[in-house]
Structures are given as C-alpha cells and as structure tokens.
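The chain below stands alone and is given as structure tokens, in the form predicted alone.
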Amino acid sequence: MIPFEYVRPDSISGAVSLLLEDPEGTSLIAGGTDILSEVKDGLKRPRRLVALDGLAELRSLDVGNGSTRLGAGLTLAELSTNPRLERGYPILTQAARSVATPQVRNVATLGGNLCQRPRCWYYRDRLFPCYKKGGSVCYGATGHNRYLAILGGGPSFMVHPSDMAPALIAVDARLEAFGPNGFRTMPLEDFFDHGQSRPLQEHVLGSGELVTAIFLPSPPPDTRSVYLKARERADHDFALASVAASITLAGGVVAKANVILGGVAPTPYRARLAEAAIVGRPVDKLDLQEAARLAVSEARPLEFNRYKVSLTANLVGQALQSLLTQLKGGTSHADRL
C-alpha cells in the first residue's frame, strides 16, 4: 500500500476544489468497496483520497411532487430496505438487494455502484496493460472471455458491473452531477460512455465533477417493473446477465416498455428491438418468446461466452412474464407511492 493523503471536505464544492487541485492524483472515496481494492491491487496510486461519506447533501432521500431524489451517498442497504422505494419502485430495491453481501451493502453507495470500474480479470491484474488501463489491447477479445460482453463490445469487451444502473434506467432516472460549472442533469442512460475517447473511465464526468443525486419520476399509472439477475453463485456475485424491465399500459395496450440488460455489454444495454416488439401491442397478445429472441438478436458472442445469449434471452422472457402476471392482478406502482 502506497502512502496517500486522506481528506474529508465539509461540502461538495470543497470536494470539487480538491479534485481540481490535482486531477491526476486525486480520487474520491465513499464506501471504498471499489477504490480501495484498486489501490491494494496496484491499479491506482492516488496521492490524495477525498472522502464523501460525511457530506449530508449526498445522504438524503426526498420524495416531492412528481419526483423522488436519491442522494448519491445513500448506501445500497438503505435503498434495499426503504419502504417508500419498495412500494413505488420495487425494481430498485430488488436490484439493491442483489448486490454482493449485507456487509458490502452496508457501506457501498449508490454513486459508487454507478461509477465502479471494470471487474474483468485482465483489468484487475496489474500485469496486463489492457485497453481500460490505457493500453491498446483488450486481452479478453481472444483470451478468457467467459464473463465478457456479447453485445456492443469493442475496442473493450468489458461488461458494466452495476446492478443499480439497469434498474434506474428502466424507470427513466436522471443523474445530477456537480462540478466547476455548477450542477447539471442528464438522463442516466446518457451518463455511461464506452467511446474510444475515454478508455480510462466508463462515464461522461468531466474534470472535477462528481455524482450528487439520482432523480426518479413518479411512475405512470398501470406501470409494473422487475429486476432479475443470473449469477454463477447464488449470492454475492456479479451478474452473468441481468434484465431490468418496465411496462406501462394504457387501455390494455402497452404504451411504453423499457428493457435494459446488464452484465452483457460495456454499458447498460437497451434492448430496443425487444421494446419495439412490445409497444403498441394489446397486453393479451404479446409474443414474449419473440421479444426475448429479439433482445439478443444482435449479439456477437466471443469464444467462451456463447452461453450468455440463451441465458439472457431466457431471463428477458422470465422478466416479461413476471410483468404480465403483475399486470393481471394488483395495484400499480404509482398507486402505492
């Protein structure tokens, strides 16, 4: 472990100032479940860690008129057990409960879950100068790629490790960030970046910016959502594949559908062809098998991860069937807020 300075600012503007003083040598720490493992493994050598866990403005959960605000510093344990979220956004509590172990959830934060770095073993091994560490090669493309991307891969074939991201995108969440130019918001889906211009990060935050909150619109009437995750071990494992799905009905017809995949692409992956096969159809005439097939119809698996194609399709089919079952009997999420 290398020596570093540990600083606890008293405001988010103070945190931003510290980031700007030494952008290359400063890293943020909240729960520490990702950054500390990177430091211990020799992947990061920060000169300064800026602690965010003491900032009250990052720890609030507020329900307002038409919108719910989740502070980026809320722990996954807090999200997984919040009764208001359980009633109005069960997909979020399902996703939060699926992350790691109770011990990890007690310290891991919402913002950290969204911003965590790749879990690919080539990235995590200091001996491989892979693409996501500034190298020119994705070793997973031709190496041990059992857990890597089947959709949207290249030049890196990492998969985004967040469970919260697909679930939040499925409920049309917006992300708030704060930096040198003040606050800005964006659809959470636009926050994730796999472009060649940013190989050392998986998001669009600029220098000195940090995630401050997530905003959730109130779910429309007749809306249902679900998060399902397939993993190698029954608990505390990252997703081999996951699906976050949401359906809104209007007069017995699917007015809106979000089908977001996790664990199969470098960013949370919107299955647009599956969504198009659902929207505009009477709920009693949906072809779930076809929608599931379309969700992975553009997959380009690598040598050792072809199993992910059928696994993901089956998971999508299960999620959509779960939504139909919910729609046939029960109040909508909007009624329960």
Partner chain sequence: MKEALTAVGRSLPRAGLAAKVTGEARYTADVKLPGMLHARLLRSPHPHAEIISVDTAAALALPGVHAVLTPFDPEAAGRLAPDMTILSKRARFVGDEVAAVAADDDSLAEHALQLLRVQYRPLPFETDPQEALRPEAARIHPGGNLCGGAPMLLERGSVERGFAEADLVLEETYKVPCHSAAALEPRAALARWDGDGLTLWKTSRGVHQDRSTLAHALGLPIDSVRVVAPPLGAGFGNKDESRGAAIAALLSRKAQRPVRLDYSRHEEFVAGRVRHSAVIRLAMGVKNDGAITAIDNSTLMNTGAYLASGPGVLRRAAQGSLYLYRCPNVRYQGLLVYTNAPVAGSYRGLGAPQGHFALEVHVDRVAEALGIDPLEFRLMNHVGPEGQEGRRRSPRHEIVDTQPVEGGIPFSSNGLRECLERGAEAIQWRGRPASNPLRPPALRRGTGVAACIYRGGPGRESTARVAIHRSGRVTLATGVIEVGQGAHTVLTQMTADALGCRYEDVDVVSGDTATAPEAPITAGSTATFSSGLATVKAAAKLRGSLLDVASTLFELPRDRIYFNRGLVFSKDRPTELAALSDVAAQMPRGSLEAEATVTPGSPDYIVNSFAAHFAEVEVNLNTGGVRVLRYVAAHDSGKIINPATAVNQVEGGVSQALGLALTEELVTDPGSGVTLNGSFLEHKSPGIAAYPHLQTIFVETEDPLGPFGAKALGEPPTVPVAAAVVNALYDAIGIRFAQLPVTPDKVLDALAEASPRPRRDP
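Note that the coordinates shown come from a computational prediction; the quantities given were computed from them, not determined experimentally. Positions refer to the first chain, counted from 1.
The same protein also exists as the form predicted in complex with its partner chain; that form is not shown, yet it is the one meant from here on.
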| query | finding |
| --- | --- |
| Stretch in contact, per heavy atom within 4.5 angstroms of its partner chain in the predicted bound form, of 156-164, 238-246, 218-226, 257-265 | 238-246 |
| Contact flag, Arg119 vs its partner chain in the predicted bound form, heavy atom cut 4.5 Å | yes |
| 4.5 Å heavy atom contact, Leu315 to its partner chain in the predicted bound form | yes |
| Its partner chain contact at Arg87 in the predicted bound form, heavy atom, 4.5 Å | no |
| Contact flag, Ser310 vs its partner chain in the predicted bound form, heavy atom cut 4.5 Å | yes |
| Neighbours of its partner chain in the predicted bound form among 209-235 [non-hydrogen atom within 4.5 angstroms] | Ala230, Glu232, Arg233, Ala234, Asp235 |
